[in-house]
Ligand SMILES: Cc1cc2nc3c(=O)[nH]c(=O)nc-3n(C[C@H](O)[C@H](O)[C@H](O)COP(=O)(O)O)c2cc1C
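One chain comes next, on its own, written out as structure tokens in the form predicted on its own.
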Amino acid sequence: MSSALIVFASLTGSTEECADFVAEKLEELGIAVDIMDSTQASASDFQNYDLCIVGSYTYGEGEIPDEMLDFYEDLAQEDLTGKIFGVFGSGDSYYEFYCNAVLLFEEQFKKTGATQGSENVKIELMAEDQDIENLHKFAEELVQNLGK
């Protein structure tokens, strides 16, 4: 059975809720899923999974949240060749660099040799119905790309 690890950071609970939506869909599709708070996870944990997923809110002026910094920096050191990755996150479009942490994590994953399995999903503050649909589609595309 294929497996997925979702590592997230959540300040308001929005990103954690999004992680749950992704996990539920992946489980429906027959994927074994583990969810870890970024403070409990290590980038090397991804070595044990087929799907490597990060959910992060964006802090301040487009920054990675403090509690994700070590994880983010360590990620670039991993060789995840042959694995599929995906990134989602929440943000506030009031800020100039809306959901920038999502883009930063995408760039970091690309350094690992992993293959992007779906377009990033950016959530404005809290997930609405359309966002949940987008997160489910995100999960479906990740699974579809596992077989390639």
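Counting begins at 1, following the sequence as shown. Keep in mind the model is a prediction, meaning the values are calculated, not measured.
Beyond the structure shown, there is the form predicted together with this ligand, which is absent from this document and is the topic of what follows.
Enquirer: Taking 4.5 angstroms as the heavy atom distance cut-off, pick the stretch from 76-84, 112-120, 53-61, 32-40 that is near this ligand in the predicted complex.
Expert: Of the options, only 53-61 has residues within 4.5 Å of the partner.
Enquirer: State yes or no: in the predicted complex, is some non-hydrogen atom of Asp92 no more than 4.5 angstroms from a non-hydrogen atom of this ligand?
Expert: Contact check for Asp92: yes, within 4.5 Å of this ligand in the predicted complex.
Enquirer: Can you work out whether Thr12 and this ligand are in contact in the predicted complex, taking contact to mean some heavy atom pair no more than 4.5 Å apart?
Expert: Residue-level check for Thr12: yes, a contact with this ligand.
Enquirer: When the contact criterion is heavy atoms within 4.5 Å, does Cys99 count as touching this ligand in the predicted complex?
Expert: Although this ligand is absent here, Cys99 would touch it in the predicted complex, with heavy atoms inside 4.5 Å.
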